[in-house]
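Quick heads-up: it's one chain on its own, the form predicted alone, in structure tokens.
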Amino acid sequence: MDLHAVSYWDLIFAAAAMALPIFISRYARLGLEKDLAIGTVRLLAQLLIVGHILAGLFAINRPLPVLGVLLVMVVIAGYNAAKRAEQMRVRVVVMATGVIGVVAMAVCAYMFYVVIGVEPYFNPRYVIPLMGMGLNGAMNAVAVGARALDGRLRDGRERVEAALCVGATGRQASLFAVREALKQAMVPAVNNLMTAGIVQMPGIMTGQIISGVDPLLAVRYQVVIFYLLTVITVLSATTTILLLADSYFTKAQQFAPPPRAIRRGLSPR
């Protein structure tokens, strides 16, 4: 099969199609024209830069540069998870970064070396793209779960304090909020499992098929990736939400939610 080479002119023609959503936003007065325009240019620039970085890593084929890229990705994922959750506090950023990094690396290591059998162990063609997808899934789940937890606990303050008054621990009093936060964080992953191959053709599988890979092999890889993403998402969200829930209570089991989100900069708490 001959793979059509997408030229830079093709990319420009594809970007021109983005004029349609920009026009709709302007016509409907949605106020999203600037974001759409910036996002169009930013997407192209970021992915081209990433493409050049990956090409360089493939050529070098050494473990240390791969590890360096992974560490940068983990830090960015943790920072953005806290930012999207509107909980820009040092403790939350560090917690999110640590949880996302440890979970993603542990689950990916299992999939890489037990399931797929990646060789060499640092192979950037496998490690970086799959870790990137895992980190993105964890980042989104942590952000959604942390925001939901904060909202449920603050809105349910009377319920929490009533439970504490009758002898419940902080974890027991916050259980209703933890459950709701976990559900919201996990829903996208569950929906993907339920609709893959029926409503949507997953991106990795589609790309492999277009590039000439046997469809059955592409499907098997996609199944592994879906399992990988789901496990990372669930473990990251669960760990972070449980740790965050504990931080809403003092050692004396008193309800003491942290200050409201700081949108710019980091709060020391």
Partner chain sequence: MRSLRFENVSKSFAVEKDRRVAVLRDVSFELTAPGVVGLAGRSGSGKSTLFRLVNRLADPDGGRILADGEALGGGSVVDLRRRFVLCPQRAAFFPGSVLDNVTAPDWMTKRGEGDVARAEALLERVEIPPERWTSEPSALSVGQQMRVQIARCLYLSPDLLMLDESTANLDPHIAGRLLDDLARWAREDSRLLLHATHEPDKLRRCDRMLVLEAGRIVADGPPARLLDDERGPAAAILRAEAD
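Residue numbers count along the first chain shown, from 1. Since the structure is predicted, the reported quantities are computational estimates derived from the model, not experimental observations.
The same protein also has a form predicted together with the partner chain, omitted here; what follows describes it.
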property: Gly167: touches the partner chain in the predicted complex, heavy atom cutoff 4.5 angstroms; result: yes
property: Distance check, Glu161 to the partner chain in the predicted complex, heavy atom within 4.5 Å; result: yes
property: Distance check, Ile12 to the partner chain in the predicted complex, heavy atom within 4.5 Å; result: no
property: In the predicted complex, Ala252 touching the partner chain (heavy atom, 4.5 Å); result: yes
property: Candidate stretches 147-155, 181-189, 74-82, 168-176 - the one whose heavy atoms come within 4.5 Å of the partner chain in the predicted complex; result: 168-176
